[in-house]
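Here we start with a single chain on its own, the form predicted on its own, put down as structure tokens.
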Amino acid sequence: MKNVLVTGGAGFVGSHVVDELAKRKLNVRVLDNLVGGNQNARGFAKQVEFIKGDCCSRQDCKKAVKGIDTVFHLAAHAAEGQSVFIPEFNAQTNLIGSIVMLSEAINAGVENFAFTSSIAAYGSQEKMPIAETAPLTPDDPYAITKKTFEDYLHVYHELSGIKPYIVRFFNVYGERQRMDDPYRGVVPIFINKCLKGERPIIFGDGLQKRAFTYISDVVEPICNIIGKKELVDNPVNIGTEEVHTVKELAEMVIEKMGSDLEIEYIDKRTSDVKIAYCDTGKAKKLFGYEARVSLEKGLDKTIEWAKKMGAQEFRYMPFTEIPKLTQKTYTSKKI
């Protein structure tokens, strides 16, 4: 691995991956359409090459993969709940864009293709924690695109020989995550609400259980798995096994920010999974993975960064494809 492409490299996880790869003295190229802003791209190392473009554009993908041996495909619109009422946008961005990128990677002779899938692909499961052997039963359009593209990678590994490395992340948070996005990222949403002096909002009773994973605990693993034969076309869970309820998370954020705000509870979202956290035993066995940052520590670091950034105005998408399925919380801009 010498010449690498990071799609979505100006995004939250992508920009951290770019920094890590640059530290390793690799030749790094980034493809990003900057829909989420260019603030992360401004801090890239000098040797990082940046291409402003879109994965849905075959021309942009063809340009981006030229001379590349490894693709880290992180470009996505990762908003499970929102995907219910923007299915076409979701499919174009998360599935069609991924297929176009994969096609051009194969055409260019790219050897390795790392893909950040999601815990969302598992959907609702009875047995916890969720192991990689669990069936993939997605509950929303976003999760469907993640599962489906995993299937594409498997098929094209067999057909073309490209080596897919699939990591299933869960509930990643940390510095550089957008605080102005009302649809995704419960940690930055809670922090931003507190910065604005507004009550954090929870969908449902707040007893949903999640494993909130700090950014550094996913960046190193995805950079390290390339070349590990046992992980080719063999999906692996990456994240913490420290489990908390959403209510506990909100209470921790409020306390750490020195606020006396009270939580506001509203109707649950129909697509929300009640309990979801993963078993990382496979990652531990195959490459010694261990999440190192507790939620306490991770929140401290994230809040310190957020305070420097200051409160952000939430930015709502100007359209919805299925209005009757759009949560009233979003149409009324309550978050």
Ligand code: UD1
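Don't overthink the numbering: it's just position in the shown sequence, from 1. For clarity, every value in this text was computed on a predicted model and none was experimentally measured.
Beyond the structure shown, there is the form predicted together with the named molecule, which is absent from this document and is the topic of what follows.
In the predicted complex, the one of Lys66, Lys301, Lys284, Arg269 near the named molecule [non-hydrogen atom within 4.5 angstroms]: For this set of options, the contacting one is Arg269.
With the named molecule left out of view, choose which of Met179, Ile119, Val253, Ala105 has a non-hydrogen atom within 4.5 angstroms of it in the predicted complex. Checked against the cut-off, the match is Ile119.
From the candidate stretches 154-162, 77-85, 216-224, 92-100, select the single one in contact with the named molecule in the predicted complex, where contact means a heavy atom within 4.5 Å. Result for this chain: 77-85.
Is there a non-hydrogen atom of Ile201 within 4.5 angstroms of a non-hydrogen atom of the named molecule in the predicted complex? Ile201: yes, in contact with the named molecule in the predicted complex.
Is Val172 one of the residues lying within 4.5 Å of the named molecule in the predicted complex, judged by heavy atom distances? Val172 belongs to the contact set for the named molecule.
Is there a heavy atom of Phe115 no more than 4.5 Å from a heavy atom of the named molecule in the predicted complex? Contact with the named molecule, no.
Whether Lys147 contacts the named molecule in the predicted complex should be assessed with a 4.5 Å heavy atom distance threshold; does it? Judged by the heavy-atom cut-off of 4.5 Å, Lys147 is well away from the named molecule in the predicted complex.
Residues within stretch 138-165 having a non-hydrogen atom within 4.5 Å of the named molecule in the predicted complex: Heavy-atom contacts within 4.5 Å come from Tyr142 alone.
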